[in-house]
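First, one chain by itself: the form predicted alone, in C-alpha cells.
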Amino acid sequence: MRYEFRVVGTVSETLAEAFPEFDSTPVTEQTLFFGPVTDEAHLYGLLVRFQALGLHVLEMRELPE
C-alpha cells in the first residue's frame, strides 16, 4: 500500500532524508511525503518518526494502487 502524508511547513532536504522510503515535494506552506507503507507497524512507526522530528502531520491517506 502507498500513503501520502501532508506535513505543516516546508521540510528541508536534510530533514526529508529521515524518510528514505518516501519521495517528498513542497506545496504551499506544506510538504507532501508519499511512498510505500509495508504494514500497520510501519505506519505507526512513521507517525512516531514524524513526531520525534517535530513535524506536524495534518493529513494522511492511503493512495490508490
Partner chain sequence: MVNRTGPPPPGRRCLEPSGDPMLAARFAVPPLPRLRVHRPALLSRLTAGARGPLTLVNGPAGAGKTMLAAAWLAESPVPGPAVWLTVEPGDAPGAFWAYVLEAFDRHGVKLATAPGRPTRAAGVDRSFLVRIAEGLAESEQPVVLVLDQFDADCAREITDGLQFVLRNCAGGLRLVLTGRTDSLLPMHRYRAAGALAEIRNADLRFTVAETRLLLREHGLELSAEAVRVLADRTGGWAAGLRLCALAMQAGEDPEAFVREFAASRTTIADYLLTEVLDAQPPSTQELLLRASVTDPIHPDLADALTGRDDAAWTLARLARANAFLEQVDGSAWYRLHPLFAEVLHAHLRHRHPGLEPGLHRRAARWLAGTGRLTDAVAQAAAGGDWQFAAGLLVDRLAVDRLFTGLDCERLTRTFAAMPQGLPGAAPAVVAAACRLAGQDLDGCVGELRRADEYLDESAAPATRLSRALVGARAGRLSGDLAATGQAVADATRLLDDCPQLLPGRRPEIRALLLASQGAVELGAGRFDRAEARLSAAVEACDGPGTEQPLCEALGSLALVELVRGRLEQAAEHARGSLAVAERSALLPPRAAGIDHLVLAGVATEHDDLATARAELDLAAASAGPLPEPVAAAAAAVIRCRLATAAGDLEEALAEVRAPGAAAHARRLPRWAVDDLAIAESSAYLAHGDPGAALDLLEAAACDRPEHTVALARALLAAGHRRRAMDLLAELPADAPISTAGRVRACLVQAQGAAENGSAREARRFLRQALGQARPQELRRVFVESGPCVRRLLRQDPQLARAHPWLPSGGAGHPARPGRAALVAPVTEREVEVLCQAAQLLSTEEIAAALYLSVNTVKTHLKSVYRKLSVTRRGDAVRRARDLGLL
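Computed from a predicted structure; not experimentally measured. Residue numbers count along the first chain shown, from 1.
What comes next is about the form predicted in complex with the partner chain, which is not displayed.
Visitor: Give a yes/no on whether Val57 approaches the partner chain to within 4.5 Å in the predicted bound form, heavy atoms considered.
Guide: Heavy-atom contact with the partner chain at 4.5 Å: absent for Val57.
Visitor: Does Leu63 make contact with the partner chain in the predicted bound form, using a 4.5 Å heavy atom cut-off?
Guide: Heavy-atom contact with the partner chain at 4.5 Å: absent for Leu63.
Visitor: If we define contact as a non-hydrogen atom of the residue within 4.5 angstroms of the partner, is Glu40 a contact of the partner chain in the predicted bound form?
Guide: Although the partner chain is absent here, Glu40 would stay clear of it in the predicted bound form, with no heavy atoms inside 4.5 Å.
Visitor: Check Thr25 for me: does it contact the partner chain in the predicted bound form (non-hydrogen atoms, 4.5 angstroms)?
Guide: Flag for Thr25 set to no.
Visitor: Within 4.5 Å of the partner chain in the predicted bound form, which residues of 14-50 have a heavy atom? Give them in sequence order, or say none.
Guide: Contacts from 14-50: Thr14, Leu15, Glu17, Ala18, Pro20, Glu29, Val48, Arg49.
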